[in-house]
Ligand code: ATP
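Below you will find one chain, with nothing else, as structure tokens; this is the form predicted alone, and questions on how it binds or moves follow later.
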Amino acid sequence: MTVIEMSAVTKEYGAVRALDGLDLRVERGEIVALLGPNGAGKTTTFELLLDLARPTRGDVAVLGGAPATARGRVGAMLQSAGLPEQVTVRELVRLVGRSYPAAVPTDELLRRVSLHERASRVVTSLSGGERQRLLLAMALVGEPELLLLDEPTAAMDVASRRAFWAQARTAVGHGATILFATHDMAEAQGVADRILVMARGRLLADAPPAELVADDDLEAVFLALTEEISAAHPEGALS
């Protein structure tokens, strides 16, 4: 089943074109990395998929329908997400779970993301990596069919990243599909089934890691692709 399909999607904010004819497709059970520099259009892509914005032109489908119809079936971690501070970890996850028709039991979920020992702590007492795991718990509480993760491991050390992706793969084992945005090329290469490279609102490459890098390293491929489109559009009209 196709979980995400974007066809010829353009998104403009006044004179700024954040997405420029984007075509993107993700199938059920895949872990797909969305790689690109700042301003590539990654966050805008997530906003369209979550029905937080509408395309200027083109079509967006999530789980076979309009994004608005899939809200209860999608979990998300966004960079812009804030957390209420004077509530406990357990209280917050339980509260989010009430918005879903069927939620994972809170304590079971906190064990799954290694936060069970922090369940009674207030959010302000958590480290950066623990906050990210809390955001993951909030994204997973409704047993989503699709997980959208925007820079999910940015505040984590190496051990925490490994644990995070082990937990994310468990979600895939339970039927989820993952699209995640990252600047970390090693993470994309090590985790993803496919890597999508974006720049200036356009998709430049879509391939499994081994096929994309071939005899070169991913950083060299990424720089070559993004520098090529920057040279073709020196006016900076895209964002």
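Start at 1 and count along the sequence shown; that's the residue number. Being a predicted model, the structure only gives us computed values, none of them experimental.
The protein also exists as the form predicted together with this ligand; that form is not presented, and the subsequent description refers to it.
Only one segment in the set 167-175, 31-39, 202-210, 66-74 has residues whose heavy atoms sit within 4.5 Å of this ligand in the model of the complex; it is 31-39. Between the options D157, E143, E151, E91, the residue in contact with this ligand in the model of the complex by a heavy atom within 4.5 angstroms is E151. For the candidate spot formed by T106, L134 and R162, no residue has a non-hydrogen atom within 4.5 angstroms of this ligand in the model of the complex. This ligand is not drawn, but in the model of the complex it has a heavy atom within 4.5 Å of T43.
Using a 4.5 angstroms limit between non-hydrogen atoms, R54 is distant from this ligand in the model of the complex. Though the partner is left out of this view, Q79 does reach within 4.5 Å of this ligand in the model of the complex, counting heavy atoms only. Among heavy atoms of A18, some come within 4.5 Å of this ligand in the model of the complex. Contacts of stretch 163-183 with this ligand in the model of the complex, defined by any heavy atom lying within 4.5 Å, are made by H183 alone.
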